[in-house]
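Here's a solo chain for you in structure tokens, the form predicted alone.
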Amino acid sequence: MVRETLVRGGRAITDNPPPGPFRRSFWRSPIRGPWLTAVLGSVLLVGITILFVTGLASYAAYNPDLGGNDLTPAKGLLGFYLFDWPTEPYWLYRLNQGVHVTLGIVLVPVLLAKLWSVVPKLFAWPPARSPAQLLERLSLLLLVGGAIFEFATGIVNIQYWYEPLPGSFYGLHFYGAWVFIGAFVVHVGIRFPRMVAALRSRSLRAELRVDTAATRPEPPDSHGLVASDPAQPTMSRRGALALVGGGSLTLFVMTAGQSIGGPLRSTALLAPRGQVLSEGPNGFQVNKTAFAAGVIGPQTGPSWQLELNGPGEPVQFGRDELLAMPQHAARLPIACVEGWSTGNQSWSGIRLADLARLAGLPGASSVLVESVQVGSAFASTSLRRNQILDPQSLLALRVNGVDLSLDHGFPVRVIVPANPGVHNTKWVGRMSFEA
């Protein structure tokens, strides 16, 4: 049996690893080493931090601590940071979620490259030599598993492929994020000094001038990343970084347009809702059509009425009565958790604050908005006081100068600045204001 010797702290440790990837001689890439791993790790350190912060902000925007909105009821102490999501600037959620989703996709090549750079460590033998190394290995297992899980569930959500998930995306992604970030913090705490030392070991500018023919392995390291028997280089470190960067840039071009809009929208080939439905005032994106939501004519026909509930008896209004009330305008986008958004649309309708007064609660602290849609987790939503009182928060009846189409929520829908799109409820049938 082949015997391999590692030297640590001046003492020889003789191992008898199983054949295959558990032996250091199996890994022969001459560009793998602490420096390349540190470069990729530094990008992920910044990127994942931004992803986590924007993810927490996105979760807060859903008002998860209000009745009817909490899709993660067992969050407990994990919801300690929740705050009243603001309505200004009106593009806040669009920016936050656009950054979160686009950055997550752009980082996929970096993550894969980082995993490739450290893959020998995943097969280190024996698995642990000390309690400290065992802790590091466990954090690495949670880190790798958590990273793959979070990126995979995020991509599934972007593409609207919820069927493969064993439960709610929101719960899985939320709890998974906390497990992942815990392992991430532990890993960074352990590895940060090594990363800094590796980055200082050679100049990035100088390394970018080295071609494949001049590429040499890094000096032997005590952590098992540098190949013990390196093969001839077929790619330089410069080439590897260019490959990763080029992949990230390609994904950016094919994704960012769904959030940025303008000419880039036509390049958003990875965004299933990046394109418009048709021409005309109602020809902007929708997450779900009326047909897909199961909303049919009788539910939104001439007999439809809006019911307002408050401290007194419920009051009801038909669409013509609502149109006869003072109408207000707002130019607002729709931005969804999947990262796509529309441009600013010109909405007109009745201010939510005026409806609160009609319901007998001008100082309402929240409102439960219920759709005529049935069988959906998002057929209702709760809005906060600041969202009710914002003058741009409307129960919209018209958009871009014409009546709402059925796909866009006819006869009425909610539109609130900086609000997640799915909480701008369509096909509204009842609004219940609470003190």
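Residue numbers here begin at 1 and follow the sequence given. Note that this is a predicted model, so its numbers are computed, not measured.
The form predicted in complex with a small molecule exists for this protein as well; it is not shown, and the discussion that follows is about that form.
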Practice problem: May I ask you to choose, among 29, 373, 69, 54, the residue with a heavy atom within 4.5 Å of the small molecule in the model of the complex? | Solution: 373
Quiz item: If we take heavy atoms and a 4.5 Å cut-off, which stretch out of 248 to 256, 286 to 294, 324 to 332, 301 to 309 is in contact with the small molecule in the model of the complex?
Solution: 286 to 294
Self-check item: Contact check for 340, 407 and 427 against the small molecule in the model of the complex, heavy atom at 4.5 Å
Solution: yes
Quiz prompt | Contact label in the model of the complex: residue 379 to the small molecule, heavy atom within 4.5 Å | solution = yes
Practice problem: Check whether residue 421 has any heavy atom within 4.5 Å of a heavy atom of the small molecule in the model of the complex, and answer yes or no. | Solution: yes
Quiz item: According to a 4.5 angstroms non-hydrogen atom cut-off, is residue 336 in contact with the small molecule in the model of the complex?
Solution: yes
